[in-house]
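The chain below stands alone, shown as structure tokens; this is the form predicted on its own.
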Amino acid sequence: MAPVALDDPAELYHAASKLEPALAALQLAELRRFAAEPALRAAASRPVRRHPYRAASKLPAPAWPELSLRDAVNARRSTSQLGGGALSLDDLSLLLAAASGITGTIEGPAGTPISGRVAPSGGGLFPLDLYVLPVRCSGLSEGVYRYDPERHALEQVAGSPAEGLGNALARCIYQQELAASAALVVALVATFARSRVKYGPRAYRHVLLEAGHVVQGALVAGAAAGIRTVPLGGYLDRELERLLGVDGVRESVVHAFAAGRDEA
């Protein structure tokens, strides 16, 4: 095993983001500031990015499969071959609802009601946005879309690149067989300031944990509905962020998953 450098950034960050009793006053300064500033609490109560001037398409209500949780969990498998077939809007609706859908209303900062979602989020801050890249999805043209959980709708961010979305994704994803057979890719983009405003350096841990919760919901729902899914770790960050139109610093891709069905 290769030796780890003494100044390895991963180890340094992990140590620096630990909570320690002796450093509590310093480490919890963001929590006190968050509690003391109404403007921050108000902003946190609206954790949905929305541009009213952009076109948005309402998704059909999700059709939840009649399968026990045990059977769905047991059926989940990761595969690099996603079938090459198309997904329907019903399939997409289910995957997004299971990943980040609204489940009810909870009490947010200072008693402000906010929407609760299927995946837990530190402080109810929901720093993740789901970007949908459909290559073969009936009823949805190629392009870049952002999921709005509160409306259960897709907001179009950009059209398809000139080279075609499938070719653009092939440049971003290392596993070419996976890229060629995927009907769509969903990328999770973190806006770190949404969590950092309250949790400071520890926010990055919360963001990554939440990304895992979100993707697992989609994977289990996909297994229950017969949709092939796989989490993605092998992608070129800057290429994918350029395709999505995010800057890679203030907001960046932290996780993704791909889905597909067998060809009819």
Ligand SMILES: Cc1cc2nc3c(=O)[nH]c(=O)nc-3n(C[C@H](O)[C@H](O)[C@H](O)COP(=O)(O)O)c2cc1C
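Throughout, we count residues from 1 along the sequence that is shown. Just so it is clear, the structure is predicted and the values come from calculations on it, not from any experiment.
As for the form predicted in complex with the ligand, it is not shown, yet the points below apply to it.
Interface residue remark: Leu178 is counted as part of the site for the ligand in the model of the complex, having a heavy atom within 4.5 Å.
Not displayed here, the ligand is kept clear of Pro65 by more than 4.5 Å at the level of heavy atoms in the model of the complex. In the model of the complex, the ligand sits beyond 4.5 Å of every heavy atom of Asn74. Interface residue remark: Thr105 is not counted as part of the site for the ligand in the model of the complex, having no heavy atom within 4.5 Å. Stretch-level contact check against the ligand in the model of the complex with heavy atoms at 4.5 Å: of 65-73, 195-203, 50-58, 225-233, the positive one is 225-233. Residue Ser80 is the only one of Ser141, Ser80, Ser88, Gln156 with a heavy atom lying within 4.5 Å of the ligand in the model of the complex.
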